[in-house]
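Presented as structure tokens, the chain that follows is alone, the form predicted on its own.
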Amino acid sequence: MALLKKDRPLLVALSTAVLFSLVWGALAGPAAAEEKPVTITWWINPWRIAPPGFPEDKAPTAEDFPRWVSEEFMRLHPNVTVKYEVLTNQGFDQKVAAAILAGKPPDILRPISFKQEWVRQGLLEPIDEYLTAFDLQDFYDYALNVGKVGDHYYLFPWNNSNNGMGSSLLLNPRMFAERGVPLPPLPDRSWTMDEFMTAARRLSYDTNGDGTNDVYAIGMSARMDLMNNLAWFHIFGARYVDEGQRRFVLDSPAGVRALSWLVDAIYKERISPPGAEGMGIYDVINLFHQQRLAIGYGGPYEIGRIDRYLKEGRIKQKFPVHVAQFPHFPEIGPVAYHTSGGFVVFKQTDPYKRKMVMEFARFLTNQENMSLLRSLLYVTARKSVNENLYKGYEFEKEIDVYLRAISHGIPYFGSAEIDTTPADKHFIAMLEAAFSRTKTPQQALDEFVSQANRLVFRGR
């Protein structure tokens, strides 16, 4: 059929439309096809982070941040559904292990500790191609290296250090002032063991004349965070495992001196309350909040805990707190527990979903969202965020003391290549035996090391 002259504009228009459609299909078609609905799951333990706009007179719950950040990502990517789950700390590792065993781990996880065996088992995605040149410069090397196995990275860094357990102490300045005890001086609030013991003896006293102390300098606990108890051992020069990462060596002469000192703090020096064999970390924290201990454990995060407890009505009165370093022996130098955490991505089979899962992991750890850790008084894994995060803030000095403390950080548990958690319950049992004086420090340590080596290093 011959085309009429009058039909030519229509033909041109149709041709243009077809051509545009073809070109658009070539350019946009694949992208549009990619934007299929996907669902991302992620798990995190409780982090009470206040999202933007959260009321200042309320304490955030563990659900507020994961809910907000999931909704924000879904708003930016309407084809993506993000489902989060907050796992309790107790039983966290067991639930993750069960999910892996069942072949149903979440897409993204913030593990309590990075596990290299997951890489060796082929469970995790390498993230190298999703780290920009700026990321590689901006993240602290040690934070990136936590998740480095071989030549690849497997962890998006997020938090720098922990809540301060094992890294720093908290001082109640009112109690120090009442007993005429000077605080360790700024800028680093560093003190020697001799200076610490002089202060501790004056801070422990009997208030009613019955011959028993009612107020103490510091608490001990067999079931306290392992990092706090291991800090005392490292202060004396002891190490959990040897340099070759082949055996536990806590029964060294330095280890025996450390455990003897911990026992003496209760029974001889009476700077720590009795009953440490049955106490947990929250018993010690509560005694500090009740102002029956002048010195507590933790870092700036614990200052935030006091504020949260006040808002929740769990304590009646807010009290000032200062961060200080653990005491040290001059010949050994200061020590602190240093670690950092972040997010891992489990193996993905769908390329588009992998892309979006990585995008969400990057969203969680971008500068803006990482800065929300300020509501917990945490320091972050990005240098650029930390530079200005606490400038002019009321706790700026405390943050600075904390950063100085963790600059002395060492990995208390040895290399990340070894998993010492099977020995944890025996470490607690060792402390229970020593604190209850059913075993001498040497006997308790010998028994612990024997059991721990059998559980962790047998067959290596």
Partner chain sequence: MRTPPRRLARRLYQDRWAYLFLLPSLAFFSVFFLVPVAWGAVLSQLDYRAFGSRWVGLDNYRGVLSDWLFWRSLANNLYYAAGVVPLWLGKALFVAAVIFPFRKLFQNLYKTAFYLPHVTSAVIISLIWLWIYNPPFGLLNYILKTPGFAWLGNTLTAMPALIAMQVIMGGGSTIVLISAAMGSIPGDYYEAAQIDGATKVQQFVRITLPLLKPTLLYLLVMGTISSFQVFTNVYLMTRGGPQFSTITIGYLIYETAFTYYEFGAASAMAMVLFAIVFAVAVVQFRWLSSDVEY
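Note that the structure is predicted; figures quoted are calculated from it, not measured. Numbering follows the first chain given and starts at 1.
Keep in mind that the form predicted in complex with its partner chain is missing from the display, and what follows is about it.
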item	value
Interface segment, criterion being heavy atoms within 4.5 Å of its partner chain in the predicted bound form, picked from 321 to 329, 163 to 171, 116 to 124, 180 to 188	116 to 124
Single option in N388, T207, Q94, Q137 placed near its partner chain in the predicted bound form, where near means a heavy atom within 4.5 Å	Q94
In the predicted bound form, the one of R374, R223, H77, H289 near its partner chain [non-hydrogen atom within 4.5 angstroms]	R223
Within 4.5 Å of its partner chain in the predicted bound form, all of P274, D283 and E432 (non-hydrogen atom)	yes
A133, heavy atom within 4.5 angstroms of its partner chain in the predicted bound form	no
4.5 Å heavy atom contact, A238 and its partner chain in the predicted bound form	no
Contact flag, N45 vs its partner chain in the predicted bound form, heavy atom cut 4.5 Å	no
Proximity of A98 to its partner chain in the predicted bound form, heavy atoms at 4.5 Å	yes
Contacts with its partner chain in the predicted bound form, stretch 335 to 368 (heavy atom within 4.5 Å)	K347
Pair R120/Q451, Cα separation in the predicted bound form versus the displayed form, closer or farther by 3 angstroms or more	closer
CA-CA separation of D424 and R120, closer or farther in the predicted bound form than in the form shown [shift of 3 angstroms or more]	closer
